[in-house]
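First come two forms of one protein chain, each written alone as structure tokens, so that there is a structure 1 and a structure 2.
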Structure 1
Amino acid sequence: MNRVGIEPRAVTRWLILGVIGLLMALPIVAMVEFSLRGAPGEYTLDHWTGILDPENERKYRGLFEGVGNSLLLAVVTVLIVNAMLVPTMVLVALRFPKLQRWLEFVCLIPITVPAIVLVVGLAPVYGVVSRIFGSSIWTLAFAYGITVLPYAYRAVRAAMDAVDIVTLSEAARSLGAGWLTVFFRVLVPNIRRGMLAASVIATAVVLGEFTIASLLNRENLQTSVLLISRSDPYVATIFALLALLFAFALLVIIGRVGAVQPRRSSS
């Protein structure tokens, strides 16, 4: 009886996952097919191999610079989000629990503001940022940190709700651990999956962001893809496909890392 009751649930679960996977795979398959098109009715790898052709180095230089800028922005954005958001959330949870609702409200505000409206407010701010830090591409990470804040907050919040950080911190403090030891050696290992999830989300958002970079006159992957698509739509499709595969691979790798449990030494 139990087996009969379980099997339909498993079948339904796999059916739903299969349908969702098929819907997600169709655009990717279409992109691969388009990137392989050659003469009518033929497929070729010329568009892929042409990217690495030294003769096309000048043609695709801006595109490779955009890729490098986006990767740099992803790293800086992840550092900013984890360095500022996680300690703040832990401090509020341990010391100021009454402020948790206000912190959540502040962190979720950016999701309600369209990117183009956000840029209008950030434009004067970036005038000051440019005078202080210069107009380097990495300064765009400040804006991206605000953009990914709602998603990163929910990821870290879910990890914190799964463990009793108050009890963990009190137990560590009762054993003589300082606050830095409590944070880095007790709390961070227990919420690392949330931090890794926030990092993946931040990376995906940065790799796919176009509006803020375009309106602030910065060059990233998406603005470079738009420029190259006017002259070579095949290469633009290839780089968009590679960005998707990179984000997927990063998701799998970080998921595996987050699933690894720390080894316990046997006495």
Structure 2
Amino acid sequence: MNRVGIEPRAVTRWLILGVIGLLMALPIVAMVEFSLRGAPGEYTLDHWTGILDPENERKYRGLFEGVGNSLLLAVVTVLIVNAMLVPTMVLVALRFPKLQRWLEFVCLIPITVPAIVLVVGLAPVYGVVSRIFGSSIWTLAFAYGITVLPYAYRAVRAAMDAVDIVTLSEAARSLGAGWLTVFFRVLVPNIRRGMLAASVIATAVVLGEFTIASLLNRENLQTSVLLISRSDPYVATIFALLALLFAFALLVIIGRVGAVQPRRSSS
């Protein structure tokens, strides 16, 4: 077979994918197996059904609190992204194109400043924050808004690059629309896929966040799962599996959103 193409033979392709795929599947299979372990040599669903058993309510209360906290943090972080980052990006694109590079630079800084470094400086900042807003869990979203900045910026930027928002807003303005109308009725509908993608990524990152919560002594999904793993490793493993499944579902949603985008915008 004398092929011109650069693609691998079918045998090579499936050998590579098969071997690496099998190795990658092993830890997940091990987690499923572990969560089903009962008495030595026996398998049971007890650990799964036990989660919702009212008898265990006290035992797992902290765990569900952690889940609740993480969901709340995800909502507030998504709000920060959509109500603060997106309007700023639009404003810069329309009125201050020269600041575009600066905005991009700032939004990508958190890639270089890892959470473990940021948290060193966040500790004193949160000392002040809790004096102003109290020490309730949602304030942690201010820090999470920073950690999701690079992902959110890229998602929204990709959507903004796909439409000519300057021309769109000028057209709307010349037809007599006010700035608020331009923003909510002209621009947002055009970039809402980017906003949705940014929100989904922000949610995924917040649900997986451990470093900042742990070192600022806050309780979220990850810290409470680590805590319960010391007394009940089975439930911790089950929650890890569920989180994995949830993240996969979110990513599939992003994939669908991304796949639909070009067809819609060309019609």
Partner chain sequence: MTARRSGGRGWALLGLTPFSAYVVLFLAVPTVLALGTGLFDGDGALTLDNLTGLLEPAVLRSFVDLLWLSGLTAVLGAIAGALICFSLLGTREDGWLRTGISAASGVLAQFGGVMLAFAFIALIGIQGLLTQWLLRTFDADIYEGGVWLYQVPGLILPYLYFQIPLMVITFMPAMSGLKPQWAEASATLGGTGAVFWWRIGFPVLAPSFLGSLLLLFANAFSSYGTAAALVSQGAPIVPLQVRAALISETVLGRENMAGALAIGMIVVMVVLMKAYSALQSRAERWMR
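Since the model is a prediction, treat every value here as computed from it, not as a measurement. Definition used throughout: the rigid core is the maximal C-alpha set that superposes within 1.5 Å between two forms. Residue numbering: sequential along structure 1, first residue numbered 1.
Structure 1, not structure 2, is the form predicted alone. The chain divides into two rigid parts for the movement between structures 1 and 2; Ala240 belongs to the part that does not contain Thr147. After fitting the larger rigid piece on its C-alpha atoms, the remaining smaller piece is found rotated by 18 degrees between structures 1 and 2. For Ile20, the Cα deviation between structures 1 and 2 after core superposition amounts to 9.3 Å. Core superposition gives Gly41 a CA displacement of 4.4 Å between structures 1 and 2.
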